[in-house]
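The chain that follows stands alone, in the form predicted on its own, written as structure tokens.
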């Protein structure tokens, strides 16, 4: 099957079946602006054309096996045609009117996966316990956005201005290390920022990385019009190599040079991500080190309270210590935000994707151990 995201294949199909050029735009408008995920729903086409199209193309190259919801998030578990599971999360951001006290939905962010599993192996991340199972093709990544927008259309309908509710922000912070799948991630970013396709502002697209030299160098050279988030987690090489095993091969001094180069080339700031783990990377001494590392660098630090991982015995930093840590880092003229954790109830929060699979893997490993 071909994907309807493949414009060239669509053109070849149109030519072969002697259809008018405007038919291509009808199809792509239905997918990228009306969020239709089933070819049978493209009513601007005849029944015969829909049948012909569905025999050759698909929109969503996976099936949705489960949807887990709480007040803040919706987590989708998708199964690909080769049997792998992808997890994708919608996050709902609300705004309270100061005058009336009325709470309204303000915007929606989609956290998408670029790989199945992950090879980085951060000790605080559930996904890393699964290992890397495969890179996702660009069609499998883009389809996550189409599916999510179709879901929002069904769930929320239209906004007050008459437009459909849809994803406003896309973050590559789901399963996987995006820069280890750079060619596909690059193509997806081009689709997302194209007015012809998704039309998202480049400021609304963020690629997150744990720090891969080759991928970062290509990302900087290509100067993709998107934001960059760097999963820092520690201000020195020894501690970072403990928390992020891949850091043994991608050292912090070199990575910070690449961050500086990104700022110079793109004229954008870096978003530094920092998971707060009790007695690991949340001490006052570490806070001073972090302040000195980020001082005079153009960036914004996000402190993220650690989320439960069934595979390792780590604990979330005390809320008061997080505030103290923040104040110390801010004393070095660094802008800092304590991130609101969303989706803990359904294991949709940062570092928890793959939770159910990791639990199952851990249960099997325990049951296979010989009894004493």
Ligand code: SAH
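Numbering follows the first chain given and starts at 1. The structure presented is a predicted model; accordingly, all values stated were derived computationally and were not measured.
The discussion below concerns the form predicted together with ligand SAH, not included here.
(request) Spot the stretch among 197-205, 173-181, 157-165, 282-290 with residues whose non-hydrogen atoms come within 4.5 Å of ligand SAH in the predicted bound form. (result) Of the options given, it is 173-181.
(request) Report yes if any heavy atom of residue 210 sits within 4.5 Å of a heavy atom of ligand SAH in the predicted bound form; otherwise report no. (result) Yes, contact at 4.5 Å.
(request) Find out whether any non-hydrogen atom of residue 231 is located within 4.5 angstroms of ligand SAH in the predicted bound form, and reply yes or no. (result) Residue 231: contacts ligand SAH in the predicted bound form.
(message) Please tell me whether any heavy atom belonging to residue 124 falls inside 4.5 Å of a heavy atom of ligand SAH, as the geometry stands in the predicted bound form.
(response) Yes, residue 124 lies within 4.5 Å of ligand SAH in the predicted bound form.
(message) Can you work out whether residue 35 and ligand SAH are in contact in the predicted bound form, taking contact to mean some heavy atom pair no more than 4.5 Å apart?
(response) Close contact is absent here: in the predicted bound form, residue 35 is far from ligand SAH, nothing within 4.5 Å, heavy atoms only.
(request) Identify, from the list 27, 53, 304, 59, the residue with a heavy atom within 4.5 Å of ligand SAH in the predicted bound form. (result) That would be 304.
(request) State the residue from 86, 136, 275, 188 whose non-hydrogen atoms include one within 4.5 Å of ligand SAH in the predicted bound form. (result) When ligand SAH is considered in the predicted bound form, the option within 4.5 Å is 275.
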